[in-house]
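Next up is one chain by itself, shown in structure tokens, the form predicted on its own.
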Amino acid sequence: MKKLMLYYHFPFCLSKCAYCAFFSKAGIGDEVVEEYTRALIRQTESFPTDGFEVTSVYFGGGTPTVAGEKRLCAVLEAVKKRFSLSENAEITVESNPKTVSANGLRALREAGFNRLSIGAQSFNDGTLRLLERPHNAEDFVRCFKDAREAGFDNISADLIFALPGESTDMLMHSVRSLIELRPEHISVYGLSVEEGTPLWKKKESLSSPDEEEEERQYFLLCEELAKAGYSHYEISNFARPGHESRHNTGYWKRTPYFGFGAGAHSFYENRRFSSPCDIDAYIKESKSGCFAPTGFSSAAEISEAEAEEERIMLGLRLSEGVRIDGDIPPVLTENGLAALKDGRVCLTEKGFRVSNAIIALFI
């Protein structure tokens, strides 16, 4: 059977974080959330499933848990009825500590969600207020412990570095506080101030680390996570052995996936396409069949040359690297940016920092 991954986008949030450029909306009424959930189920039930084995399901956003555990469980139940899931399929749901209770976490685990991703971002409450996060560090710890008690033995957490007003010591406090909780997976991102976000509007007044300090923070957190037993398996991701995100790794290895929901992206039938970032339009179009809300019909098939470029570009994100015909530029190995391992070009942590420039050398 052909392998397939599924992604469900829930564009709802308690409030919009100051740095967020993803498609999400705050303050959406319960009636719209209910209609949206029904639209996701409708689209799922109309999907042509013959010949597919689903290896992972990912509920992302936004903040899926804003929709409530009952709706999330209803969508997952529709997935189970419509698709053939792998026996050990990875089923992830993203959460904000303020949007799910201990009872809600138990309900999600009992329904079949076996991986939880919680946004921490920082363990410094002043920073969280600057980022306009609707939780504090204590909320995160409570949510994490509630998740453990609910039976989640595969938890991922997000951290951001190069934050305005945060010293290296403050960052290391966050890293060590998270390590102490022993999540199976940690995603770490350098802050990117995107145009149109609240942070963008006040970027000139922000006291952000310079490039040298950002680099220092990056290498220090890599060192700290390595000492704690986390493998740096992808540019932004670290995991304990055996807990690498199968869903995200599937993206980098070009495993086909189908995205459900407004703003969701897909790589399916050798085409890349998405649904418009419009909740009302998605709900309306979902009544016309599985592909109606998406750009599938107008998307061009990916050529062999484009596929090869994708294979290299995406494969270099992984520490295991990618096979590339021919010699690699000596500058990469001479400067410690990449290594050759079993015929594969593998970027080092130093290489990860300038991955875009390195990828440009090959494609």
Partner chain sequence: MDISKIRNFSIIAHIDHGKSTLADRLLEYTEAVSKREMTDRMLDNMELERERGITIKARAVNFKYKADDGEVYDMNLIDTPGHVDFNYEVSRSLQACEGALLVVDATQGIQAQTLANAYLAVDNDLEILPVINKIDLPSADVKSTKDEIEEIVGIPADDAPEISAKLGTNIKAVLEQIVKAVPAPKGDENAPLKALIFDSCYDAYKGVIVYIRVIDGTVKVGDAVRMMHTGAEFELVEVGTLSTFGLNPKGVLSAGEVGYLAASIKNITDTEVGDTVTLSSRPANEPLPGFKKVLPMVYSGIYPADGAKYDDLKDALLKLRLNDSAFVFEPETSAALGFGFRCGFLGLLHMEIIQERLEREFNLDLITTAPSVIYRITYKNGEEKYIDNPTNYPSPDEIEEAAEPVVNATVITPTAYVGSIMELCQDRRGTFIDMKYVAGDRAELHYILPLNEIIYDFFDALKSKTKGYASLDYEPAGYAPSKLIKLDFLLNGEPVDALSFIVHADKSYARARRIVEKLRDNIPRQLFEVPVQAAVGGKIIARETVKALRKDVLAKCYGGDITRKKKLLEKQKEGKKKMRSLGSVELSKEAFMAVLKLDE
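Just so it is clear, the model here is predicted, and its values are computed rather than measured. Numbering follows the first chain given and starts at 1.
The following text describes the form predicted together with its partner chain, which does not appear among the structures shown.
The candidate site formed by Tyr7, Leu337 and Ser355 is fully in contact with its partner chain in the predicted bound form, as each residue has a non-hydrogen atom within 4.5 angstroms of it. Within this chain, Pro256 is remote from the site of its partner chain in the predicted bound form, having no heavy atom within 4.5 Å. Looking at Glu212, you'd find a heavy atom of it within 4.5 angstroms of its partner chain in the predicted bound form. In the predicted bound form, at least one heavy atom of Leu332 sits within 4.5 Å of a heavy atom of its partner chain. Interface membership of Gly321, defined by any non-hydrogen atom within 4.5 Å of its partner chain in the predicted bound form, is ruled out.
Screening 189-197, 221-229, 74-82, 149-157 for residues having heavy atoms within 4.5 Å of its partner chain in the predicted bound form returns a single hit, 189-197. A heavy atom within 4.5 Å of its partner chain in the predicted bound form is found for one listed residue only; from Arg129, Arg272, Arg182, Lys202, this is Arg272. Comment: its partner chain is not present in this chain, but in the predicted bound form one of Val32, Leu314, Ile328, Ala26 has a heavy atom within 4.5 Å of it, namely Leu314. Contact residues in stretch 244-263 (any heavy atom within 4.5 Å of its partner chain, taken in the predicted bound form) are Tyr251, Trp252, Tyr257.
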